[in-house]
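Below you will find one chain, with nothing else, as structure tokens; this is the form predicted alone, and questions on how it binds or moves follow later.
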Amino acid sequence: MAAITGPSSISVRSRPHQTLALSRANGLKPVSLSCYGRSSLSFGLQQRSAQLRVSCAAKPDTVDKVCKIVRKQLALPDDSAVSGESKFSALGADSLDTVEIVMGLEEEFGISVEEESVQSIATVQDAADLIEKLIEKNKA
């Protein structure tokens, strides 16, 4: 289902593995997207530069596994509030903790995270998105 919610944004919800095609909106070229198991896709148009920004949320199961690993690595109580929006620094993680978290994620998901990618991980959601990206890349 797609809905245009004003002159500058589009939001789309899709079922897993469904391919979506969007036609012209605000003078943009047609766009085709695939949703690989993600629960939703969201789009935002920036009027200044007429760019389309796509944000894909990782599967809830992936986010939950990342939260579990973060709790374990940081020795946080099981009932501590850790969610996709949680920043590692706000949870008390320093750079060494972040490296240990990434090592735990690599082991759990059978992936290898390059050093440059580690620098871009600030939140649980960032980690979950990167994991799914690497898993998809490995499948190809």
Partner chain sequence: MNIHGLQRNFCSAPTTLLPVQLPTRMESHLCGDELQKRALLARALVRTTIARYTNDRVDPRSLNFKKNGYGKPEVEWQIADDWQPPALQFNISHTSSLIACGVTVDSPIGIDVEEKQRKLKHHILAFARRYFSSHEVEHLTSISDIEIQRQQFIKLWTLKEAYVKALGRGFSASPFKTFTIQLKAAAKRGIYLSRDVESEISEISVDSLGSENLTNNWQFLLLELAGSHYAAICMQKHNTLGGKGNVPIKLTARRTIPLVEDECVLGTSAVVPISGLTF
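Positions refer to the first chain, counted from 1. Everything quoted here is computed from the prediction, not taken from an experiment.
The same protein also exists as the form predicted in complex with the partner chain; that form is not shown, yet it is the one meant from here on.
Exactly one listed residue, out of Val63, Ala57, Leu74, Val82, brings a non-hydrogen atom to within 4.5 Å of the partner chain in the predicted bound form: Leu74. Using a 4.5 angstroms limit between non-hydrogen atoms, Gly92 touches the partner chain in the predicted bound form. A residue is said to contact a partner when one of its heavy atoms sits within 4.5 Å of a partner heavy atom; Val102 meets this definition for the partner chain in the predicted bound form. Residue contact with the partner chain in the predicted bound form: Val113 places a heavy atom within 4.5 Å of it. The partner chain is not drawn, but in the predicted bound form it has a heavy atom within 4.5 Å of Val118.
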